[in-house]
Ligand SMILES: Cc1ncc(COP(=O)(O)O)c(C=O)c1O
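Have a look below at one chain only, the form predicted alone, in C-alpha cells format.
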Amino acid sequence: MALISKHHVWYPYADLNQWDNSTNPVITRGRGFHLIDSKGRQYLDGVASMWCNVWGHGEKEIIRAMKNQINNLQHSSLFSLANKPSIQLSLELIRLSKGMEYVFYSDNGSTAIEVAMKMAIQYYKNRDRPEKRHFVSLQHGYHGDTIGAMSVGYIPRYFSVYRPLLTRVARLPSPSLKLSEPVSNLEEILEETESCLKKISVKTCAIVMESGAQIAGGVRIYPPGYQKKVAELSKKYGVLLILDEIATGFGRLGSMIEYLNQGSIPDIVCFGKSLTAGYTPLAVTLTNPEIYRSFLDKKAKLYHGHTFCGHPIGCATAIANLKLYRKKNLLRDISLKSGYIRKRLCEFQNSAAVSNVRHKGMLAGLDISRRGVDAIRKGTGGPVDSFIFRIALNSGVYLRPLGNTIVVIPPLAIDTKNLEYLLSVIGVIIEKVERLL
C-alpha cells in the first residue's frame, strides 16, 4: 500500500501542527545502527530508539529466539497459568539483582512504576500501617506518563496540564555532577533530604527515584555516594526505597545493575527498555522477600495485571538479549566507548555555545548556553530543539534533544565508526550555533 502524505497517527510529544503537513521521514526498515526511510535515506539512530536499543537492528540471535518462541507459543495468560520463558527470565533477573527475589511482569516502564507504587502502599496496609500511603520523589525526576508515574515524576513542562489528576508528592532536591566538577552543595542537599524525611516519614510509604541518573529531567548524573546515602536514610526513617532503572539499568551507565554500582540495594526496583534490546515491549518490577511475604501473611492479592503480563515472546527476547551481554562482553566494550565519549565531550565544553556538560557510561548531556539559545531563536525564529533536530537529520543522524539539551544516548553496542560520526555531528551542531553568536 502506498504511503500517503496525510498522517492519521497522533504522534507522542509532538507539535501536531508540524505533523499535519509533515516532511519528516517515514521509517520502513532498520539495518545495523541505522534507520532507513521510505526514500532509502539512512539515519544513524542517535537516541537508541527512545533509549532502549542495544545491538542495533537485525541481531540474528535475538530474532532467532523470537521466531522460535512464535513457532511454539505466541501468548498465554499469567492469570492462574505459567509459561516457561517467564519463569526462566525471572530466575535470570533474580541472579543479577542482589536483594530481589520476586518478579512482577508488565509491558512498559510506566506500568512497572505503577506496580511498585501499589506494592508499597499495600505492603504497609498488610503490616497494619495504612497511614503510610504517601510518596516522596526527587525534583527533576521522570517515571513515565501514567497517573501514578506522573505524580512521582512530575516535570512541569510535560505534565502541568494534568495536575488535577495527580496526587500530592513531596519533592527532595537532586544533585547533578558536571564533567570534571564536584557537586559543591551535596551536603546541603542531603541535610535537606534528611530533614524532609524526618518530618513526613510517619505517613510516607516510599521514596521513588531514578537509579544513577535522571534522564528525561535534564540528564542529571548523581555524584558518588549520593544514592547510597539516600538508601541509608530510607532505612533510618522506615521508608521503602523504589529505584527506577528502566532507562539507566543494563549498561546505560556502565554497569549491569546500577543500584549495585551505587551501593544502594532497594526494596523494589523496576527495569525495562534495554531489557529486550528494544525488540519487544517488556518491563518488570522486582521486590524483596519481605514485601512479598506481607501478601502471604495477610492472604492479600495485589490487584494488578495486564493482558500481556509475562508475554512469552518478550521474555524469550530478554533471555536471548541477556545471553548476548555475556557472550559479547558488552560491559567491557561500553567502558572503552565511555572513555572515548568523555574525551570528545572535553573538546566541546570550552565552546561559548555550550554549558553544563555531564557524562556517565553511554549517556551524556550538553546544554546549549544562554547566549546560544538567544542566538538560535533570533537567527531562526524557531525553538532550539527543532534547530538541533533538523541539523542532525540533514546530516543523517536521528537526535531527539530535551529542550535546550543535546542528549547523547546511542545504542549500547554501537561501533566506534558510528559513535565517532554521531559525536562529529554534535560538533557540527555546536559550530553552527557558534556562527550565530
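The numbering used is simple: start at 1 and walk along the sequence shown. Owing to the predicted nature of the structure, the values given are computational and were not obtained by experimental measurement.
As for the form predicted in complex with the ligand, it is not shown, yet the points below apply to it.
Visitor: Looking at heavy atoms inside 4.5 Å, which stretch does the ligand contact in the predicted bound form, given the options 238-246, 187-195, 358-366, 80-88?
Guide: This holds for exactly one stretch, 238-246.
Visitor: Mark Ser338 yes when one of its heavy atoms lies within 4.5 Å of a heavy atom of the ligand in the predicted bound form, and no otherwise.
Guide: Contact check for Ser338: no, nothing within 4.5 Å of the ligand in the predicted bound form.
Visitor: Does Ser97 reach the ligand in the predicted bound form, with heavy atoms at most 4.5 Å apart?
Guide: Contact check for Ser97: no, nothing within 4.5 Å of the ligand in the predicted bound form.
Visitor: Taking the ligand as it sits in the predicted bound form, is Lys273 in contact with it (heavy atom to heavy atom, 4.5 Å or less)?
Guide: Yes, Lys273 is a contact residue.
Visitor: Flag Gly144 as yes or no: does it have a non-hydrogen atom within 4.5 angstroms of any non-hydrogen atom of the ligand in the predicted bound form?
Guide: Flag for Gly144 set to yes.
Visitor: Looking at Gly310, Gly278, Gly109, Gly153 here, can you tell me which has any non-hydrogen atom within 4.5 angstroms of the ligand in the predicted bound form?
Guide: That would be Gly109.
Visitor: Pick out the residues of 209-241 whose heavy atoms come within 4.5 Å of the ligand in the predicted bound form.
Guide: Counting only heavy atoms within 4.5 Å of the ligand in the predicted bound form, the single contacting residue of 209-241 is Glu210.
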